[in-house]
Each structure stands twice: as structure tokens, then as C-alpha cells.
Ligand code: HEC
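Next up is one chain by itself, shown in C-alpha cells, the form predicted alone.
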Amino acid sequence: MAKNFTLRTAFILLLLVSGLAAQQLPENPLAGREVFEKEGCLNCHAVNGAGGKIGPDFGKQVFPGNAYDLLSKMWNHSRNMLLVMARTKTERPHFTGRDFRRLGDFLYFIRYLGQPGNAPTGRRLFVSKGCIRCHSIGKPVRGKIALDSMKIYVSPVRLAQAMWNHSILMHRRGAAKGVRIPTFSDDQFADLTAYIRSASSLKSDEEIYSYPGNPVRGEQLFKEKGCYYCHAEKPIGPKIDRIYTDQSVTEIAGIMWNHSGKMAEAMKTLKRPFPSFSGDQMADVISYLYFEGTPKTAGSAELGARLFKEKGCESCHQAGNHFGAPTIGKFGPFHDKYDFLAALWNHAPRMEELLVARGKQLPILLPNEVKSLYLFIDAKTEAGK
């Protein structure tokens, strides 16, 4: 694999936490990599260049969004997938509800990991953002704080965390010197990290890869650190589920940093301590913020009832059908939406076989239609118990 995939490879291989939480938040979003490989997805699809070339790259071309969005993309892609699998003699993936959830979490999380930093870009940022006025790298400069020791940290989250913990002091000194504290966007923290690592004079081969983060633990920290008070309990800060959708870890770190000045002022007014982070705590909090920003999909059981007829589901699942198909109310049982989505996907080949025999194709399903069908069928299944 190319060198510029080192950070991402380390993230993907570093599965430090096993299992899933009982909540909707995953403890280890990268655990779904096992499903991605086991079911053969990697044979056709790449992740940022690593993997098959037949299908689109999940790191560059496809953003699956939430579970309904993922099922919609897979379902509408099913016919082409079956043709390719028949030609390559590849077995079609079959999922349990747990598998589908883990796969969805993994694919959604890929974009969170961001892009590898660029050292030359980081050097330009170090100058243009004014970092050079207070810090040095490579050679010690009297009166400046050396950043060479940061070389051992491969993850840009470590740089963001160190800056965050010193933000009050930095804002105070910046005001005293008439220096405007910089703001960051896109993958600029990653670029700065790459520059620090390349320019540092530290003689050490040690490399510390911050693990991707535990969203469940991140939610706990979000409350313990007092963030929940302003961003959920009181209408002080922006609601977190509206501002972090489709952002990488370095972008979210930048948003948090840009927010540090106003937050420090608010904490002072509220007489609350400014939160600080240690170890991998910022990674946990950022991963929580990322999953809280998962795109929401509209839908209703009423729409699902109409779609059940319009999409042709009722023609095969009506009472007395000669296909041996279960009738509405006899599906499942579905413990959650992931059980339903897995069952729908696993049902696609048989459904397509019957439709092709009639000269028809699988109906297109949009994300809101998938959710509406689930709400309708789940309600009917519950009623039939």
C-alpha cells in the first residue's frame, strides 16, 4: 500500500474495542471492517485506493450516510452487482441485522478519518496562520515554544487536543501581543501535524496512533465535561446534531478550536470550568459528535402503506399467494431496523428472480421510502404478534 495511506491503515487495523453497545452509538465503528472483508465487499470496492477496482471507492466516491441511505444505494445497485458476481463467480453477501449495522457504521466512519496531511502545505500554514510567531520547529528559538516533541503523535487529534488544553492561555497571550488567534478548516490540522513530524529535530522512532474514538465513551465525556449543558440543556451553543454531518475528524477538531474563544468567555460568564482533555478523550468526544451528526431520514408508516402497494410488494405478499411468501404481519420478527434492512437485502435475489420472470425489474427505493416501508411493516408485524 502507498505510504500516504499509513495513517488510515493504522486506524483500520487498530480495533481496540470489541462488540457493540446497546445504544445506537457504536463503541468501535471500525469493527465493521470484518464484515466488509468477510462478505467479499473488498473484492470489488476499495477504501481510499486499497481494494477492488470494479465498484466505486467508498473513501472517495461513495458516502453511504445512514443505514437507510446505505440500503437504498445497495438495493438500487443490486442488479449490476448480481451480474458482476455471476461473471466473477462470487457469492452474494448475506447479512444478519448485526452485520448490517456494523457494516453501516464502518462505511459511514470512513469519511470521518479524513485525508493524510501534506507537510509542504502544513509549513505554509505554520507561517500564514501566525504559529511561527510563538512557536519553533527544528531549531530552538529563544522566547518561542518548541513543538518538536509533538513528532511522536501521528494523529492530528493529539495536536488539536494540546492546543485546546492551552487555548485560554493562547487567547490571552495573543490578545496581549496583538496576535490574532488562527482558525482552521478542512484538513489543516492534519497538514500541520505532517509538517511538525517532518521538520522536528526529535530523534525518536516512536509513533503514537490515537485510536479512532469510542462514541459511547465520547457521549459520557460530553456530559461529564459540561458540554451537554450548553449544547443540549440550554439554548446557549448550537445543537450538535446540526453542525457536524459529513465532516472528518480534523474538520471537527478545527470547528471545536474555532469555537474555543467564545466558549471560554461563556464558561467564565457561567462560572463553569473550561473543559480539558487527556489521553484519547478528545478522539472519543469527536467520534461522538460525528455520529450525532448522522444525516436524518424522513419517513412515515402512512407512506410505507402506500409504497407497499405501489412498489408491488402486496402482489406477492397478499393472503393466498402461490409463492409461499409471508403475508403482511407475518414478517420478521425484527428486533430493530437493522434486522429489517438485512432481511430486505437478503430477499432481493428471490424478488428479482420473480420479477424478471414477469419482465419487470426491482423497484427503485429511495432512503425515505426504505424507512417508510420499515415503519409500516414493523407496525403491522407488532400488531400481528
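In case it trips you up, residue 1 is the first one in the sequence shown, and so on. All values reported here derive from a predicted model rather than from experimental measurement.
Separately, the form predicted together with this ligand exists; it is not shown, and the next lines address it.
Undergrad: Give me the residue from 301, 232, 255, 119 that has a heavy atom within 4.5 Å of this ligand in the predicted complex.
TA: Contact check passes for 255.
Undergrad: Heavy atom within 4.5 Å of this ligand in the predicted complex: which of 98, 311, 123, 217?
TA: Filtering the options by heavy-atom distance leaves 311.
Undergrad: Determine which one of 136-144, 292-300, 199-207, 223-231 lies within 4.5 Å of this ligand in the predicted complex, judging by heavy atom distances; exactly one does.
TA: Careful reading of the contacts points to 223-231.
Undergrad: Is residue 88 close to this ligand in the predicted complex, meaning a heavy atom pair under 4.5 Å apart or at it?
TA: Yes - in the predicted complex, heavy atoms of residue 88 and this ligand come within 4.5 Å of each other.
Undergrad: Looking at the partner-bound form in the predicted complex, is residue 190 within 4.5 Å of this ligand by any heavy atom?
TA: Output for residue 190 is no: heavy atoms all beyond 4.5 Å of this ligand.
Undergrad: I'd like to know whether residue 112 contacts this ligand in the predicted complex, with contact meaning heavy atoms within 4.5 angstroms.
TA: Heavy-atom contact with this ligand at 4.5 Å: absent for residue 112.
Undergrad: So in the predicted complex, does residue 283 come within 4.5 Å of this ligand, heavy atom to heavy atom?
TA: Residue 283 lies outside the contact set for this ligand.
Undergrad: Can we say 74, 129 and 184 each have a non-hydrogen atom within 4.5 Å of this ligand in the predicted complex?
TA: Yes.
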